[in-house]
Structures are given as C-alpha cells and as structure tokens.
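Encoded as structure tokens, the following chain is the form predicted on its own, with no partner shown.
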Amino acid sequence: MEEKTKIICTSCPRGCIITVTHVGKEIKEINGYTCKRGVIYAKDEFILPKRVLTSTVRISCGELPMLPVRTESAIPKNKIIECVKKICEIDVKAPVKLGQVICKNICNTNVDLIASRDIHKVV
C-alpha cells in the first residue's frame, strides 16, 4: 500500500515541501521540489536522515568551563543519543584551537567531533 511522507527541504532557502510516495522504504515518486538538491535531500532524509550534532564538553584549565563542539559533518540521526552519551564522558585540557579534533570517528560514524572555538589556557 502506497504511503506519502512530507519532508521540508533545508538544502536551500526556498524550504520546499516535498512529498515522497513510497511502499515501506521503497521510494516510488518524489514531488514538490524545485531544484536538483531537493530530490537528493528528500531521498537522503527518507532513507537515512542525518544531522550535525552540536554540544559542549568539559574543559579544564581553560578560560571557560565548557568547550563548544560539533560534528565535522552530519551523522546518522539514529546515532545521536549514542554520540551525546560519549560527549558527556569527554574532558579536554586547554588550550584548544578552533577546528581541533576532540574525538576521532565518534561512535564509529566516520565523523570527527571538533572544537567550535578557541579556548586559551588560564595560567
């Protein structure tokens, strides 16, 4: 039995409302997009949704008590809780530079967790 799932595309400012017609996880038709990126986004979002994860980790000897971090690229949405649990265990030492890898390949996602800002060491 065919079903329809609506997805709001975020790959450009238009925010197209895309309809994916499917049977189970098999896509039959995609409508409502206005650019090629919309089709790609809808397929990816329907089959394996991904998100960039942003959070903070504890930092010792730094000018701030917490370091903002993010995944270098999007990770599977079903891995977010596992990654958040891992992030809660991380404690880094200042100094830290913007873009520095804080955790390589977090939770086997093939994506690194990186620092979102510089934190200087307090002496």
Partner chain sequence: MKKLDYDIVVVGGGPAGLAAALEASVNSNLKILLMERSERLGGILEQCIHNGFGLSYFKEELTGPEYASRFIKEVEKKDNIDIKTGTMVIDINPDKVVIAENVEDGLFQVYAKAVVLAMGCRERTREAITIPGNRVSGVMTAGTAQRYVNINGYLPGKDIIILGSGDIGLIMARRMTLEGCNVKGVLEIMPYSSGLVRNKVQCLDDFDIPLYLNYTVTAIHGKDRVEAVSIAKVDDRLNPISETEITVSCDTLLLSIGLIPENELSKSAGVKLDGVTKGAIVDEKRETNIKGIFACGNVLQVHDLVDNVSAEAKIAGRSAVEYIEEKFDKLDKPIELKPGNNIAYLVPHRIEYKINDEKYIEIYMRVHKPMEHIRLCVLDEKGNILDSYRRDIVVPGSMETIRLKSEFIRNYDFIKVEVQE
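The shown structure was predicted, so the numbers you read here are calculated from the model rather than taken from an experiment. Numbering follows the first chain given and starts at 1.
The next section is about a form of this same protein that is not shown, the form predicted in complex with its partner chain.
Asker: So which of I90, V39, A94, I80 gets a non-hydrogen atom within 4.5 Å of its partner chain in the model of the complex?
Answerer: Contact check passes for I80.
Asker: Report whether the minimum heavy atom distance between R117 and its partner chain in the model of the complex is within 4.5 Å.
Answerer: It does: once its partner chain is placed as it appears in the model of the complex, R117 has a heavy atom within 4.5 Å of it.
Asker: Report yes if any heavy atom of K86 sits within 4.5 Å of a heavy atom of its partner chain in the model of the complex; otherwise report no.
Answerer: Contact check for K86: no, nothing within 4.5 Å of its partner chain in the model of the complex.
Asker: Against its partner chain in the model of the complex, would V122 count as a contact residue? Criterion: heavy atoms within 4.5 Å.
Answerer: It does not: once its partner chain is placed as it appears in the model of the complex, V122 has no heavy atom within 4.5 Å of it.
Asker: Find out whether any non-hydrogen atom of T54 is located within 4.5 angstroms of its partner chain in the model of the complex, and reply yes or no.
Answerer: Answer yes; at least one heavy atom of T54 falls within 4.5 Å of its partner chain in the model of the complex.
Asker: Let me know which residues along 63-85 have a heavy atom within 4.5 Å of its partner chain in the model of the complex, or say none if there are none.
Answerer: Heavy-atom contacts within 4.5 Å come from E63, L64, P65, M66, P68, R70, K77, I80, I81, V84.
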